[in-house]
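What follows is a single chain, given as structure tokens, in the form predicted on its own.
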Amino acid sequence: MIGMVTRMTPQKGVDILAEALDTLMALDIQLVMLASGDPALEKIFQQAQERYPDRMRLITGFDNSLAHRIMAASNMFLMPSRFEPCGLTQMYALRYGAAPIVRATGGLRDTVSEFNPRTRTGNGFLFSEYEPTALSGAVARAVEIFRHPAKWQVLVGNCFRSDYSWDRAAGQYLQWFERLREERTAV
């Protein structure tokens, strides 16, 4: 299951998701969206829900509790944003073990790294080009890893170990200040 909690706007990538939707459904996925916004985009996904009644669900509006339940129930979490200065939702998804599938932009690029089953590194799946085929490619890579339970468990473990807490950030700043102090003392 792929979850998505977002505003229904082109900034959040729902326009390219709409274009890629039939290709994604051919991958035999389930998609649950909690979203609202642009009425024309809402209509596209309402119609898609009618075409794929057993594999697509759109819930319009926003409910924070439901948003977290969707993330917790999802295997993957989709954020194909055109731009995303920071992004918190992908970090929530990581805490739930829902592998993020994101466009490599802004804070998404800073917090999600491509999973490499050979090196066992990375916590999600990225795509760079803002286009439906790039989005479909990232989802296809995620689905392929999902079909291999041992690899998927490594990925989920990487998600759980991702740490973007203030404690970690503060520790990095302290290390940086200590290096500056040592360099200044050495002069």
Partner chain sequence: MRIAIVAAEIGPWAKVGGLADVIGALPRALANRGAETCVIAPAYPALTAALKPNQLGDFRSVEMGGANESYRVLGANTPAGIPLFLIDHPEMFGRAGIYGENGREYGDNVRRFIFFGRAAAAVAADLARPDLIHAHDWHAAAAVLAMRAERAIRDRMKSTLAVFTIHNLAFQGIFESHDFPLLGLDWSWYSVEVLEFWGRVNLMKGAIVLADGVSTVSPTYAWEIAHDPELGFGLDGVLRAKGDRLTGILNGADYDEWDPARDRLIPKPYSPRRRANKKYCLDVLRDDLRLPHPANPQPYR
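Since the structure is predicted, the reported quantities are computational estimates derived from the model, not experimental observations. Basically, rigid core = biggest C-alpha set you can superpose within 1.5 Å across the two forms. Numbering follows the first chain given and starts at 1.
Not pictured, yet referred to below: the form predicted in complex with the partner chain.
- Within 4.5 Å of the partner chain in the predicted complex, a heavy atom is found for not a single one of 22, 116 and 130.
- Heavy atoms within 4.5 Å of the partner chain in the predicted complex are found in one stretch of 133 to 141, 118 to 126, 39 to 47, 150 to 158, which is 150 to 158.
- In the predicted complex, no heavy atom of residue 7 sits within 4.5 Å of the partner chain.
- In the predicted complex, at least one heavy atom of residue 30 sits within 4.5 Å of the partner chain.
- Interface membership of residue 70, defined by any non-hydrogen atom within 4.5 Å of the partner chain in the predicted complex, is confirmed.
- Shown alone here, residue 66 lies within 4.5 Å of the partner chain in the predicted complex, counting heavy atoms only.
- Residues are counted as partner-facing when one of their heavy atoms sits within 4.5 Å of the partner chain in the predicted complex; in 40 to 62 these are 53, 54, 55, 56, 57, 59, in sequence order.
- With the core held fixed between the shown form and the other one, residue 19 has its Cα displaced by under 2 Å.
- Once the rigid core is used as the reference frame, the Cα position of residue 163 differs between the shown form and the other one by less than 2 Å.
- Core-superposed comparison between the shown form and the other one: CA of residue 181 displaced by 2 Å or more.
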